[in-house]
Structures are given as structure tokens and as C-alpha cells.
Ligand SMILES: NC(=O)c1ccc[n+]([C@@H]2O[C@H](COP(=O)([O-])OP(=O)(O)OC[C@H]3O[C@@H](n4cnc5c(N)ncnc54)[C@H](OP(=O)(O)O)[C@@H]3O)[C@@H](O)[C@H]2O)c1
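This document starts with one chain, in the form predicted on its own, laid out as C-alpha cells.
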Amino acid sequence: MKVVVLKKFGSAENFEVIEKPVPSLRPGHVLVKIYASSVNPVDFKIRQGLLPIGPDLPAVLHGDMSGEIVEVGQGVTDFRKGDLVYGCVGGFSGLPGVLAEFVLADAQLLAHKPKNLSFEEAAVLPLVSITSWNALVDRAKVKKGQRALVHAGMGGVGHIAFQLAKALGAEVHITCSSEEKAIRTKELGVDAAINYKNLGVKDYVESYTDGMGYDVVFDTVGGSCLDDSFSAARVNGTVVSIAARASHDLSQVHIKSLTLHVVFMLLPLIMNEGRRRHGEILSELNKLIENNQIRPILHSKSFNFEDVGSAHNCLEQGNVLGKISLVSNW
């Protein structure tokens, strides 16, 4: 089969198409013909050598995929040959990635593809959707009557997170960097879109919450955004971050008696513990997707697998609206 391998860490030019044997079937696994994938920030950070969670080089990267099951291993009861599936299944330590014709996937990590989405749309969802679910359902326990703030509401995680928070019954506000992004989020039902370039945290907390702050704040950015999240949260509120790799002053956490959660969605893949939860989350998500409560936004340009380097460059350069998709050309 054809695969895209990363020869060495660094430039996006270090990808190369080679031939490798099709993986042999194992118990508990399924062999999937891959139709589409996506690009997440973790992918280009692994490519750059910045995160110690990637597979050994030369490596096949990327975890998000959608495709069709072509073989079913012993002990797998939830899937059969011909099923259309999606999931985040590899591209990290000990798990080959999905930039290939086929991938051998742990069946626990998969769910049936939503019926109303294309393969391309389904493939951009797993990592960001599971992350959002971990943050807002499992940790923050968002519920009707609450007011939630999602930072970077048109980012990969953010645009799924705010739709999920709405589906859970919350009043949802987002921060964004442009009027174009604000308009798109309003089209998807967000209650208020705040351009953080024009309005600082103290001002929008005063304007949009009468100075009370938010019940739940979801930091999808890290750095100073996590500090802003502490400022934006109300007394006894909850802050969830997916990017807490920095030093922070926790004075506001103490003074406001905040609850702080940190989510690292990839742990079940890396540690091989709790993987079934990922498949369960995607199956629950399907109900919301097929009820038209959650819809992925695709960036205006898609790429094929052989152009993965260009896709990485596109995401790194910024100004991406929604998720960048990759479509198999094999």
C-alpha cells in the first residue's frame, strides 16, 4: 500500500510517499480503507519534533480518519466488513498514523460515520469533538441555564465546542479575531461573538455578563488566554484548558474558588487505557450531528494525502476558518 512517511523532524518538505505492506489483522482490531483525514496542530508540532509523543521515524503521522472496514479481527462485535467508520486512531507513540491506503485500528476507538456527513466532513471531527466532549461534558458538566464562554470559537476545537455547549442547553459566547469569524459563529447559533482585538476581558465580562462572569470558560488557546479565562469566570465557576503548558498566577483561582480542569485527549491512545470511551463519545456525538445540532466547518481549500506538507503550512500560517481536510487520492 502507499503511505506518506515523515523522514526527519522539521520542515513540511520532509514528507515522502513510499510503499509498505498492508498491516496484518490482529484481535480486537479492524482494517480500514482510508478515505479522508484532517490536520490538527498536534500533527505539525509532532512533525517539527516539538512533542515527544510521535511515532519513531520514519513515521506515518495523523490520527483523524474516516473510511470503510475491509477486514474484522477476532473479538470485534460492534463492526462488520463494509461498515463506514470514523475515529482518531494513530499517529502517536506506538500507533502508526493514517496517511496511508489502509490502517489497522483498535475497534474501541471507532464509531459508525454519521449518515448526514461526507467522509471529508467526518474525518475532521474525531480529535476536536472528543476534546470538546471531555472538556464540556465529562469535566465542566455544562447544563441548561448556564452561561459558557469558548475562546477561539472558530478554531478547530472551538467551533465544535460552542455547538456542543449550545446543544447542552447553555447560553454560549465565543471570542474570535475577526468580523468574518463572528458572522460564521452567529450563523451556527452562538449567542454572542466577541472580537477580542476590540474588547478586553474586563470590558466584555462587564458588557456581556453585567460583571458577573461566566459559569464555564473553555480555554482552547493557552498562554495568556488561560489567564483571561480566570478573569472571565464567575465566583465558583469552572475553567477547562487544553493548553496549560506554561506558568500561571493562580491567585484568581483561589480568590474566586474556581474549579480548574486540564484535558489531554490523547492519553487513552498513548497509555492504552480508557480507549473505549473515545468510541462511545463519537457514538453519542452522532446523535447530535444527525439531529443537525453540530456541523463541522471545512476550510475553503482541501488537500490530498500527497499534499500533506502544503496542508501543514496552511494551518501553521494561520487565517484558517474551520478545519483543514485531507482526501485520499489512492
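All figures in this text were calculated on a predicted structure; none of them were measured in a lab. Residue positions are given as counts along the sequence shown, with the first one as 1.
Although it is not shown, the form predicted in complex with this ligand is what the next lines describe.
Of the candidate stretches 86-94, 201-209, 173-181, 135-143, only 173-181 has residues with heavy atoms within 4.5 Å of this ligand in the predicted complex.
Residue in contact with this ligand in the predicted complex (any heavy atom within 4.5 Å), chosen from G49, P58, G28, P41: P41.
Proximity to this ligand in the predicted complex, taken as a non-hydrogen atom within 4.5 angstroms, holds for one residue of V240, A100, V128, L110, which is V128. The three marked residues, A152, G156 and T220, each reach this ligand in the predicted complex, with a heavy atom inside 4.5 Å. When this ligand is considered in the predicted complex, R276 lies well away from it, no heavy atom lying within 4.5 Å.
Taking non-hydrogen atoms only, V263 approaches this ligand to within 4.5 angstroms in the predicted complex.
At the 4.5 Å threshold, heavy atoms of K45 reach this ligand in the predicted complex. Although the partner is absent from this view, L315 contacts this ligand in the predicted complex, with a non-hydrogen atom inside 4.5 angstroms.
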